[in-house]
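Only one chain is included here, represented as C-alpha cells and corresponding to the form predicted on its own.
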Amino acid sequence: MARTKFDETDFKGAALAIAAERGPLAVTVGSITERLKAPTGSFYHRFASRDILLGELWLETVLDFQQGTTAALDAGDPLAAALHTPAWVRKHLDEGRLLLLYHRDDFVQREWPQTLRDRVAAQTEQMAGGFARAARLIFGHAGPDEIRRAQFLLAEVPVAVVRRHLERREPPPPIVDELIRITYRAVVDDYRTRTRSDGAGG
C-alpha cells in the first residue's frame, strides 16, 4: 500500500540520495516525488520550492560536518580537526559527496529567503573564525599567513585527499589519515623553522 504522508525528512533524504548519485542539478521536484512515489502537492505543502529544500539540506550538512571540527578545536587539537574530514566522510558517504564534490554555488539560488541567507552567512563567519582559532593553536598567531596555512591544513588538504575516494563512492582508506598527518607536520615544522630563522636573523 502506498504511503499517504511524507515529512520533511523524507523529502530531504530523497534529495540527498539524488544529489549524491547525480549531482544537485538532478534534484528537481519531479525527481524527488518520483523517488518517494509522493504527490507533488505533498512536497509544496512542506517546501516553497526545490531551491529552499536544497539550501536547507546543504546548510544542515555543513553544520553537521562542522560540529566535529569545532569540538576538536575546543579540545585544543587542530590535528584532530584536520583528521575529522575523512572520519566524518566514512560515516556519511552520501553527505560527503554532496558537500565535498560540489561547490556551494551549486546550491545557492535566488529564491532563498533572507532567513536562510542569514543562516548561511553565519555559518560562513563561523568557518572563518574556526580557521583563525586553528591558526592561534597551531602557530601561536592569527595573522593572514597563519590563517591561510590553517585553512590549507584543516580544509584544503583533507578535502583533496578524500575527493578521489568520494568520486569512487568508497570510504577513504587509512592511508588518507597518514597523508594528512604527514602534510600537517611538514607545514608546521617548516613554519617553526622559518620563524626561528627570522628571529635569529633579526
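None of the values given here were measured: they were computed from a predicted structure. All residue numbers refer to positions in the sequence shown, first residue = 1.
Absent from the display: the form predicted in complex with a further copy of the same chain. The rest refers to it.
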{"property": "Interface segment, criterion being heavy atoms within 4.5 Å of a further copy of the same chain in the model of the complex, picked from 37-45, 172-180, 51-59, 66-74", "result": "172-180"}
{"property": "4.5 Å heavy atom contact, Thr33 to a further copy of the same chain in the model of the complex", "result": "no"}
{"property": "Heavy atom of Val161 within 4.5 Å of a further copy of the same chain in the model of the complex", "result": "yes"}
{"property": "4.5 Å heavy atom contact, Ala17 and a further copy of the same chain in the model of the complex", "result": "no"}
{"property": "In the model of the complex, Arg149 touching a further copy of the same chain (heavy atom, 4.5 Å)", "result": "yes"}
{"property": "Those residues of 180-194 which, in the model of the complex, come within 4.5 Å of a further copy of the same chain by heavy atom", "result": "Ile182, Thr183, Ala186, Val187, Asp190, Arg194"}
